[in-house]
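Take a look at this single chain, the form predicted on its own, given in structure tokens.
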């Protein structure tokens, strides 16, 4: 893999340090809703897809769910080797191939995949637009990019309730259980800084994706973006 930038080194180190508690905390802190959101993402993958890339695969939750629903070659790529070691134990000897790779420099030929998924990973990529260009490069003609990511809530009351939990309660619980001083403070901050659905849609269109649309989930807590080339 290409040598990491200082930003990517810091992100890789952080995720490696919380990898052992990552799955448990994801399900606990989201009250299990993260599983439902991932299934909703997977439901949007075209049924004819034969080669699928799951970026920022982490411990391979999305890749595993895809493997249950598609007779396809599935590649899971992630920055963190520690996450991939856990993913390897979970996936066993099935049709999921795990690769240590940076989203900004994908080690795949042009037009390699029918579909690409990335769940809650795009906001952690420092060179986000470069990564999106790489995703476009490795997608086949008429291929689809599906992004599941946190978004911005319009309703003031719901936003206030969510932000209190997300910025106060979640970091306290997350840092305590993971034994990490700041990981679960960092992650909510990435959500605040992440582009809203309209801005991200414009970025995708400017890069060259077409038929870009999105679906808000749970009042705007998250959104699924769908973009084709």
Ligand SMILES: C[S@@+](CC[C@H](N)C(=O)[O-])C[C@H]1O[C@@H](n2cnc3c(N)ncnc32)[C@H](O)[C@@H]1O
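Being a predicted model, the structure only gives us computed values, none of them experimental. Residue numbers count along the first chain shown, from 1.
Only in words, not in the display: the form predicted in complex with the named molecule, which the text now covers.
Kindly indicate whether 139, 144 and 201 are, all three, within 4.5 angstroms of the named molecule in the predicted bound form, using heavy atoms.
No, none of the three is in contact.
Sole residue of 74, 79, 116, 132 within 4.5 Å of the named molecule in the predicted bound form, by heavy atom:
Checked against the cut-off, the match is 79.
Examine residue 15 and determine whether its closest non-hydrogen atom to the named molecule in the predicted bound form is within 4.5 angstroms.
It does: once the named molecule is placed as it appears in the predicted bound form, residue 15 has a heavy atom within 4.5 Å of it.
Give a yes/no on whether residue 221 approaches the named molecule to within 4.5 Å in the predicted bound form, heavy atoms considered.
Outside the cut-off, so no.
Using a 4.5 Å heavy atom cut-off, state whether residue 151 contacts the named molecule in the predicted bound form.
No - in the predicted bound form, heavy atoms of residue 151 and the named molecule never come within 4.5 Å of each other.
The named molecule contact in the predicted bound form: residue 170, any heavy atom under 4.5 Å:
Residue 170: no contact with the named molecule in the predicted bound form.
May I ask you to list the residues of 58-73 that have any heavy atom within 4.5 angstroms of the named molecule in the predicted bound form, in sequence order?
Sequence-ordered list: 58, 62.
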